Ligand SMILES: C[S@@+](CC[C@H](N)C(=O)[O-])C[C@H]1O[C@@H](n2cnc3c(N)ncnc32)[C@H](O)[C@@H]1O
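This document starts with one chain, in the form predicted on its own, laid out as C-alpha cells.
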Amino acid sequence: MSPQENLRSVNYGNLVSGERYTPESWQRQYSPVDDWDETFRNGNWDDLGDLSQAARHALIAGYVHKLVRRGHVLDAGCGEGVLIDYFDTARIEYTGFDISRTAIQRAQEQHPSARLCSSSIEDFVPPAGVQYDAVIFNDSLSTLKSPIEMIDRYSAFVRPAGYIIVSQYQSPNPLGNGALLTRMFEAELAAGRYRVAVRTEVVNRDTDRRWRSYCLTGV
C-alpha cells in the first residue's frame, strides 16, 4: 500500500453491546433509499473503486482466498462489481447481483465474462442445486428493511463449513444506517446469535473513514 494512502488494518477487539435487533426497532430508525438505480446514474457511488477504499475490498478478498481457497462466492448487492478485481478468478468463481440495472450494466461492461444479474437481495434465489462457499454483504446489509433476517435467509445458500462475510461502513453520524446496524449487529454477536471467525476494522487515516468487517462461520 502506498504511503500516500496511509491505510491500516487493525483487529477489532471487544464487542460493544448496543440495542438488540428487532425488525420493529430497525425499521423505526433506519433510512431507506427510494431509487437505487437513480443513485448509480447520478454517480453517487463512483468513489467505491478508488484507491482510498482498496484496503477494505482487499480485506474481503483476503478472507475468501485464505478460507475458501478454491470455490464459489456470491456478492449480494455487488453494485458495479468493484470486488471482482480483487479475486483470483483461477481459484474463485464469482457471482454478483444488484437491484440497480445501471450498476449491473456497468459491471458487465467492465467484466464481460462475469456472472452478473439484476435482483434485490430480498428476491434473489440461487439456481437449483447451487450453494456458495462464501456469501458477501459489502455495505449492503444496512440498506435493507430486514438486514438480520437476510443473514439468516442466505445461510441456507452457504455450503456446510462455508462463510458469510459482512463489511459495513461506519458512518460518523450515530443515527446513520451503518452506525445503527453495527450497534445492533454487535449486540446480536455478543448475545451469541452468530459465531465469528474473525473481525477487523479498516481505517483510512487521511479521511478517518472506517469499515468493520466480520467473517461468520457455522451459519
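All residue numbers refer to positions in the sequence shown, first residue = 1. Not measured: the values here are computed from a predicted model.
Just so it is clear, the following notes concern the form predicted together with the ligand, a form of the same protein that is not shown.
Between 116, 135, 121, 84, only one gets a heavy atom within 4.5 angstroms of the ligand in the model of the complex; which residue is that? None of the others qualify; the residue that does is 121.
Heavy atom within 4.5 Å of the ligand in the model of the complex - the one residue of 26, 185, 63, 36 that qualifies: By the 4.5 Å criterion, the partner-contacting residue is 36.
Can you pick the stretch from 157-165, 171-179, 45-53, 66-74 whose heavy atoms fall within 4.5 Å of the ligand in the model of the complex? In the other structure, the partner sits against 45-53.
Can you work out whether the ligand is within 4.5 angstroms of a heavy atom in all three of 57, 99 and 139 in the model of the complex? Yes: each residue has a heavy atom within 4.5 Å of the partner.
Considering only heavy atoms, tell me if residue 147 and the ligand come within 4.5 Å of each other in the model of the complex. Outside the cut-off, so no.
Can residue 107 be called a contact residue for the ligand in the model of the complex at 4.5 Å between heavy atoms? No, residue 107 stays farther than 4.5 Å from the ligand in the model of the complex.
Find out whether any non-hydrogen atom of residue 143 is located within 4.5 angstroms of the ligand in the model of the complex, and reply yes or no. It does: once the ligand is placed as it appears in the model of the complex, residue 143 has a heavy atom within 4.5 Å of it.
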